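Presented below, as structure tokens, is a lone chain in the form predicted on its own.
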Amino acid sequence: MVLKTKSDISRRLLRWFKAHGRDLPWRSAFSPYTVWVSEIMLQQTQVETVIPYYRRFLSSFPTIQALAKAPQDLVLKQWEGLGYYSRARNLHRAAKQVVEAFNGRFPDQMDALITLPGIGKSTAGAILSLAYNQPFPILDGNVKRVLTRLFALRALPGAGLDKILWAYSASLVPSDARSFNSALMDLGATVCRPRNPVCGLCPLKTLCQGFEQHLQELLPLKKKRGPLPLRVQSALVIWKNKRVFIRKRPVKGLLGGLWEFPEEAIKKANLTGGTKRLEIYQNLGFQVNVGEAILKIRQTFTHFKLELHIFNAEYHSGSPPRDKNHRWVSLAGLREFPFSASHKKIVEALSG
């Protein structure tokens, strides 16, 4: 691409952004802390979903120092329902690291930023360009789509395509990196959409090779995925003296650090008849009397589908673990703990 075309892309995008850029709450000040929180929340999540979570999160943790001091349960509770909970855990860990290693000042150098948990090259580029207006490129999902169509890149997703896209993104960044990168993201979100792009409103239409070649609906190319595997799980609502038993999931792994009603895998064939009473409480460490099913929940994760069968149960005998990761809690007290989306539905059903 000749230099004139690069500058034309930047000029057109900046002019379009001035008239059509989105009014987003984290753009009011472009502070490193608020940019960072918003960028982490926006990973794999739509802006409309993020905004109320962002406002609530900043209300609870207005500074990086406040976030670093907060208990993990409280951080996860404020994140509850937003999904991809490793993002919240990484935010918490990174806040502690910034306070301890950088005296509470968010780094303004790429090498330092990418040492923080949960911050990769694109998130670091967003922080440096949006918060500090440094000329760093970004490559989130919206930007990938815009650049793939703009240059008609017919490669399947992967490291090879990403390398090309990084080169294009870096070559386009002008001195006003903050506005330009914001414009790229907004164009992808509002005009160059995944489906039904509004090419007639695009300021880059006459420069877009994908549009010229009628490829805008086909790009970016996608790898074919097979059907998601089904996992069948059971969960027990165990009662003792009007309290229920919950435990915290291991920090590492799916839904790490969240609380749950005891859950484990079960063969679907064992959901009927007496065998279920043996199958679904083997991993508790104490004995319960299992009753009937009270709820069934289906949920789709990135790599599998979950079918969760919930049973009422009564504590019978034995010694439940006595530590901070296992609790007997009243129904009212359940609302203080962070649960996954599926287990939050159990809480809501019990509170009914």
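Don't overthink the numbering: it's just position in the shown sequence, from 1. Since this is a predicted model, take the numbers as computed values, not measurements.
The discussion below concerns the form predicted in complex with the DNA, not included here.
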Exercise. Even though the DNA is not shown here, does residue 179 get within 4.5 Å of it in the predicted bound form, heavy atoms only?
Worked result: no
Exercise. Could you tell me if residue 85 has a non-hydrogen atom within 4.5 Å of the DNA in the predicted bound form?
Worked result: yes
Exercise. Is residue 222 a contact residue for the DNA in the predicted bound form, using a 4.5 Å heavy atom cut-off?
Worked result: yes
For this session: Answer for residue 303 alone: is it within 4.5 Å of the DNA in the predicted bound form, judged on heavy atom distances?
Result: yes
For this session: Given that the partner is absent here, state which listed stretch (121-129, 67-75, 102-110, 171-179) has heavy atoms within 4.5 Å of the DNA in the predicted bound form.
Result: 121-129
Exercise. Is it the case that 31, 167 and 204 all touch the DNA in the predicted bound form, with a non-hydrogen atom of each within 4.5 angstroms?
Worked result: no
For this session: Work out which of 116, 215, 208, 237 lies within 4.5 Å of the DNA in the predicted bound form, going by heavy atoms.
Result: 116
Seminar exercise, completed: Only hit among 156, 198, 159, 230 for heavy atom within 4.5 Å of the DNA in the predicted bound form is 159
For this session: Could you list the residues in 140-155 that come within 4.5 Å of the DNA in the predicted bound form, counting only heavy atoms and keeping sequence order?
Result: 140, 141, 142, 145
